[in-house]
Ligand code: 5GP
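First, one chain by itself: the form predicted alone, in structure tokens.
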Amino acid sequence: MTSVFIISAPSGSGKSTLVHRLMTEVGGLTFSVSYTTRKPRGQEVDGEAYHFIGRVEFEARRDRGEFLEWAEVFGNYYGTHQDALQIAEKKGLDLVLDIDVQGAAQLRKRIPSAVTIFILAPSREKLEQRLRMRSQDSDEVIRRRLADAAREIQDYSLYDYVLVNEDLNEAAETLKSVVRAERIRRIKVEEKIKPILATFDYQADRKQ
């Protein structure tokens, strides 16, 4: 049974770094590479960070119902293709999704069993500092990201877990612990417990 882990965070909270740590340090996971209409940044490679496609193609895929979720953010589309879940199920892997609060809200309805995790920076000041250290955005874009963060943070109570990324190593260990604990909690009785019970001779044990 494939478990789905939805991870959301305001831009600059360290989500990408934490997800990378999770994927490299915990086995049995596969990451869903989202589709987007925005242009690649820096050293981003198509098919790794994102699948980069045009707006017309994205809208056509959306209209055909190919996306599990989609949203428009800063004038660009982002979406999770339904193939991501189907491939994970065929391979017997758990699926990790890195999506914003809009997409997470859609997926909660489509996959009620999904585990949702929200990542926060320890303060607005720290978030702004991290955004500026990336040197990717103008002052106007940073202000807009901070305003969006203020709105997104209000949805924290809708998530199963809230993780404050103050110390990267500690946050990474917490994220890995959440995934491992949820896997244990979700193990089917039929898959793990019944074979163990079958090794006991209940009638013989009752007589002793």
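When you see a residue number, it is the position in the sequence shown, counting from 1. Please read all numbers here as calculations on a predicted model, not as lab measurements.
The same protein has a further form, the form predicted together with the ligand, not shown here; the description that follows concerns it.
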Query raised in the report: Which of Arg180, Arg55, Arg41, His51 has a heavy atom within 4.5 Å of the ligand in the predicted bound form?
Result: Arg41
Report summary line: Answer key: of Ile111, Ala84, Ala71, Leu93, within 4.5 Å of the ligand in the predicted bound form (heavy atoms) is Ala71
Query raised in the report: Hey, in the predicted bound form, does Tyr78 get a heavy atom within 4.5 angstroms of the ligand?
Result: yes
Query raised in the report: Can any non-hydrogen atom of Ile99 be found within 4.5 angstroms of the ligand in the predicted bound form?
Result: yes
Requested in this report: Within 4.5 Å of the ligand in the predicted bound form, which residues of 105-127 have a heavy atom? Give them in sequence order, or say none.
Outcome: none
